[in-house]
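Next up is one chain by itself, shown in C-alpha cells, the form predicted on its own.
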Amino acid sequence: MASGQGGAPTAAAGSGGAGPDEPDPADSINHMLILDLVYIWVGVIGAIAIHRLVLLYVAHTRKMACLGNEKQRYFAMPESKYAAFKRYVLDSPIFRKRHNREFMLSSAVNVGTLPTRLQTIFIIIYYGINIAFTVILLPYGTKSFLDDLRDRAGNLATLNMIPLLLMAGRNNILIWALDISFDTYNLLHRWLGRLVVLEAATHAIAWSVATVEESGWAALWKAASHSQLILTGTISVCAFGFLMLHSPSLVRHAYYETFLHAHILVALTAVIVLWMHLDEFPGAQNLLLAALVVWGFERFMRVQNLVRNNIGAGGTLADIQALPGDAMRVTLRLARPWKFKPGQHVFLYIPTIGWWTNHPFSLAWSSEQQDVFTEKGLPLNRQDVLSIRKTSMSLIIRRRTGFTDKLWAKAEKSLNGKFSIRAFVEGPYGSQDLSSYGTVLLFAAGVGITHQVPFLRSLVADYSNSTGAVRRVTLVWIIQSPEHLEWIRPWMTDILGMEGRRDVLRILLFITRPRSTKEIQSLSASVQMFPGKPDVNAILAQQQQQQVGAMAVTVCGTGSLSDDVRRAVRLRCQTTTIDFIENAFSW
C-alpha cells in the first residue's frame, strides 16, 4: 500500500516535471494530504476534548454550588441551544427511535444495531473526506493517472490503520481523555476497517489495470508470482478482504470466540505481510510502524494489568454461586485490589473454563474481608491486619452460551451450587460520577442491575454525608420473576439500611412474568412492586415534575429499553436539564 509498485511505471516517470534531484510532485501532494488528514484528526480530538473539559467544569461548579442548596433551581433550567443539540444530534438515533435494539432474523440470529445520528454524521463525513482525498489533484487524462491513484489510495489506507488499531483496544487512551465509550470506538473500528479495505482494493485495482494496459495479462500474473512486492501486497489485500467479509454482526454474534481468534490471527498476518510489502517505502512503513506501536502498547497494557491485579498475595480466586433465574454471583478475591468506583467493568479470565478467552462484566459491589488470626489463633497487630486485608469485588453473570454456559454447568453440579476457582481479572475500565446531579433516575433490565447498584450506594452515601448535590434517586428495575431479587439481596439489604436512605431513595420493581398476583407485594412506600413493564415516559414525566437540580437518566439493559429511555429523555430535555447516559457492551 505505497508508491512505486514493481512492474509498473513510477509516478515520477509520468509526471513530466521532476528532475532526478527534485521531489516528485505527486509525492508532495500525497504528503500534503496525509498531513491534512492528520490535522483533521487532531482538530476533531481537540474539539471533543474541549467539550469534555467544559462539561467537567460545569459538573464541578454545579456540585460545589449545590452542596447546601435544597432547591437547585438554577441548574434545573436547560441552556436552550445545547439542549436542542442534545435532542437532535448528540443523543439522537438516526431516525425516530431505534438505535440499540438489535435487528433479529430469528431468536438466535442477530444482524446488529444502528449507529446514532452523530456517529452516522461522523462516518459519512470521514468517508467523504477520504474519497475526496483519493481523487483530487490527480493528473486525469495522463499516463501517470493510475500510478498516482495507486499511490494515493495505498498511503491513505496505511495512514488509516493508525486509528483503526487504536480504536480496537480497550486501553485506548482516548476513552479516558474524551469520555467516549469503548462501544463507540468499537463501532468506529469496524467502519475504519471497511474504509481501509476499500482503499487497499483501490490501490490494488489501479496497479492491476495499469500493468495490464502496459504489458498485458501475462505481466500481471508474472509480477504476482515472481515479485515479493506484488506477492506480499496481494496477500495483504486478500487478508484485509477476509477480515471485512467475516466481520458482519451475523457472523460475530453466531460464532464470537471463533471469530475473535480468526480475526486476530488474520490481522497479524495482514500486518506482517504488509510490512514486507513496504520494505522499499520507508515513509509508508513509518506510518505502519506508528500503527504497530499503538497496537503493541495496548497489548502491553493488558499484560501488565493482568500481572498487577493477579500475581502475588496468593493470586485471584473467584467464588461462584448459582442463583435462581440462570444467574451466578461471582465474588472475586483479588490479589491486588484497586479503588472501587461506580460504573467500572472488568474482563474476566477463567483458564480452566474458557482457556485464554475473556468477557466483560460490570462490577456490582466491593467489600473488604480480613482474617485477624494466625493459624495458631493468636491475634495479629494492626500492621499485620492491614497487610492481609483482602478486598473482594462481586458481579452477576447471566447464563448465555459458551463461556457462561460452561461456568453455570460447573456451579450447578457443585455442592450447594458453589465452587471456587483460580481466575484472572483485567481492569478496571470506565467509571462515572453522578454526584453533581440533584436528581438521578436509573433504569435497569435483568442483569443490567449490576451496573446500577454501585450508584445507589454511592449516591445515598453522598446524600447522607452532604458530599454531593443529589436529593432524589429513583431505581426502576425490570425483571421477569421475583426470584431474581435474590441476585442482589445481600447488597440491597446493606443499601436499605444506610443512613438517610428513606429520604432520598425510591425503588420501583416491575415483574413482567409473575406466576400469580400474590407475588406482587410492595415492601414499603419507598420500595414498590408492579406487574408488567413500566411506562418509561410517564415515569420520566413524574420525575421531571419533582426534579431537583440537573437530572441524570442512566440505563443499562435491553436494547428496546435503552431506546425507550433515550426517546423519553429527548422529548423532555428542552424543558429541564436532563443528561442521558447509556451503558451497553457490543461486539
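When you see a residue number, it is the position in the sequence shown, counting from 1. None of these values were measured; they are calculated from a predicted model.
Only in words, not in the display: the form predicted in complex with a small molecule, which the text now covers.
Within 4.5 Å of any heavy atom of the small molecule in the predicted bound form lies no heavy atom of Glu486. Within this chain, Arg73 is remote from the site of the small molecule in the predicted bound form, having no heavy atom within 4.5 Å.
Taking the partner from elsewhere, Asp433 is found to have every heavy atom lying beyond 4.5 Å of the small molecule in the predicted bound form. Ser362 belongs to the set of residues with a heavy atom inside 4.5 Å of the small molecule in the predicted bound form. Contact with the small molecule in the predicted bound form, defined as a heavy atom within 4.5 Å, is made by all three of Tyr256, Arg398 and Thr450.
For the small molecule in the predicted bound form, the listed stretch (399 to 407, 124 to 132, 290 to 298, 77 to 85) containing residues with heavy atoms inside 4.5 Å is 399 to 407. Between the small molecule and the residues Arg194, Arg252, Lys97, Arg336, the one pair within 4.5 Å by heavy atoms in the predicted bound form involves Arg252. Here is the short version: of Ser367, Asn358, Gln119, Ser464, the single residue with a heavy atom within 4.5 Å of the small molecule in the predicted bound form is Asn358.
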